[in-house]
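Two forms of the same protein chain are encoded below as structure tokens; each is given separately, as structure 1 and structure 2.
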Structure 1
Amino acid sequence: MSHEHHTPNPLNDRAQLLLKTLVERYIADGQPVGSRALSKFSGLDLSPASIRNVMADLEEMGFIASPHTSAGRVPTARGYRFFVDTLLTVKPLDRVEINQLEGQLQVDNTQKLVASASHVLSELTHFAGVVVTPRRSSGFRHVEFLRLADKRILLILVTADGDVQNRIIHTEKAYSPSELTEAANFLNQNFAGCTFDEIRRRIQAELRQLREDVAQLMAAALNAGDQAVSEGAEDVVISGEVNLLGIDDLSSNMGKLRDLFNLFERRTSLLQLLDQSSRAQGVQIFIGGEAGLQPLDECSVVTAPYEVDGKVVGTVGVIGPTRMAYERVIPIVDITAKLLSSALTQR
């Protein structure tokens, strides 16, 4: 019995080094890497022929594959996975870049903040940036009823996290301004800080003490609140999809490209994927179809959750081709998530 085969463990050092340089070369060039190229760039002093043996092993184990008989090798999804898990060396962003990034975030408004974060991600990576809008903390803070016309009232609702929703209500009765302020004051003074469910429960009791029409008004407000919380709850903001048109890896297959962009419009399934990431902590990477969505076969998604007051409330990420410069994208996503967290926390 041979005490050891020539591939004792999953991967010996030499194979790892070669896999690493192969992936790096391929990411840089975009073209299948041959044995000669590898022998030049690996640093090891080996002839192409020897390298070919290792490559054959790597192929057998499913880390690399050749598009056709006489092309070089290309990393498979599994190859990329191993690469990012154990071979990759990320270089953190330097201070200047971080400041630059921070400067691009527009902090005056949650919506703007999220939009600018998404935009920054796409600008820096030249791929598509995605941000899942922060989950509402779903508390009630303040309400205002404003009379627009006899039977149309502008409802302004401020949630606990300081976001403002507005909505126009059509009523059956024409309320006077004093009725409106009365109703608003009642809600503001008694229920600030409660969740809408709480309010609904507690209000049942007090409801009969109020004049009927005012009660009706407040019911409308509650409904709007529920709707605002549930519907506005989670959405995903995408920026720079255009960048993906320039990526030749993707734009070769027109059909695939269409599918991809359709995925972006459908939002929901993308949201599902991004929500997965918010359970983990730190940067997470989905390579190729790992996410379970076909349109993404040739894409990778790099995500990181962000938090406010220590609780995860959303996810930022980048969608690009599988062949992306992970060592750059990963820290960018990481930092953006952290900046977004701190910007949201100190509001």
Structure 2
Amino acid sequence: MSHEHHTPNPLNDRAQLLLKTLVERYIADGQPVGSRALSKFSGLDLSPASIRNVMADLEEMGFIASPHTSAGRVPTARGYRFFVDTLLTVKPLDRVEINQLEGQLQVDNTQKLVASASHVLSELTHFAGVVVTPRRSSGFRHVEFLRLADKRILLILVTADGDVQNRIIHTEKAYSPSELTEAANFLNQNFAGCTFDEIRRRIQAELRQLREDVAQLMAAALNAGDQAVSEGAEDVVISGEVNLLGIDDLSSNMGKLRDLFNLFERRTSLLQLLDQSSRAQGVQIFIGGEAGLQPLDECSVVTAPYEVDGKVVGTVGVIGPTRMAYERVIPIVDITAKLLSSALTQR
């Protein structure tokens, strides 16, 4: 599930159980965990002294740390990593939640589907949901021209994804309805399914055979169509960023929060991280510094790729504090990716 190679397990069963108990307690209530709580919740019959010894070992190995204000311990990023890779038992979602998820992903157009997926992720986890939109095949299925006024034409474009885009084209001359029909037929018959770049390459030769003014209309249509398709593509859809303001671990540090929201604004580096995870199989987890992005130092990112017709086209994920209920977030991300894949593939 992770993207690192792990050394053989350095912890014995007792240390593992205590670490697991500590991480689970800390995730549940956010308070540093003391040895008394550990002995109670681990079910191990150990003296306070042996528990303290194991804690000292775990701390020395960098799995837990002592905040100065309390006698208890908290997990470090490394402790969370070990927990997630080795100790975590994922709770499958129940049928009701899966049905609710499926219900919210019953939308008929790609952009709305992506937006719903990001919204659902944020609703179910109470963190920020992120979805990288499908890499667009910038082709079209069908075009129509509609004459609006003497020199203004509406280009109606059905994209390869089935989304409908409209663009207004200003032309130098007025075209008759029959010329517009002829031009649209020419594009639909010869180029449906091609990307605009392919059409441009192939059309050079064919344009010479067309009348000059129709050639101008074609060139204008290709530019407008290209723009329509690329503008419709928002790269990353983020929902529920506001949820992160309410999380004590994050909101106590205004500077950190500002960095985090700048990252959401700029998106490019976030996109690189998510793109990198789209090349992985299944769920991936980046804890704290592992994301390689400084604003995410206090956060974890849980991602999974989604596909259309068996090809990975994007990533879904959740960004939240390192102190998150991984056993719940992981299946939510996993199932959302699968449901989004099937919703997009059925279209």
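Counting starts at 1 with the first residue of structure 1 and goes up one by one along its sequence. Rigid core here is just the name for the largest C-alpha set that superposes within 1.5 Å across the two forms. As the structure is a computational prediction, the values presented were derived from the model and not from experiment.
Quick check on the two chains I just loaded: which one is the form predicted in complex with a further copy of the same chain, 1 or 2?
It is the first structure that is the form predicted in complex with a further copy of the same chain.
After a rigid core superposition, would you say the CA of L157 moves by 2 angstroms or more between the two structures, or not?
Yes, because once the rigid core is superposed, the C-alpha of L157 moves 2 Å or more between the two structures.
Is E265 among the residues whose Cα moves by 2 Å or more between the two structures after superposition of the rigid core?
The answer is no, as the C-alpha of E265 shifts between the two structures by less than 2 Å after core alignment.
Compare the position of the CA of E198 between the two structures after a rigid core fit and state whether the shift reaches 2 Å.
The answer is yes, as the C-alpha of E198 shifts between the two structures by 2 Å or more after core alignment.
Core superposed, what is the CA shift for A221 between the two structures, in angstrom?
Once the two forms are fitted on their core, the shift reads 3.8 Å.
May I ask for the C-alpha shift of K173 between the two structures, in Å, based on superposition of the rigid core?
A shift of 4.1 Å at the C-alpha.
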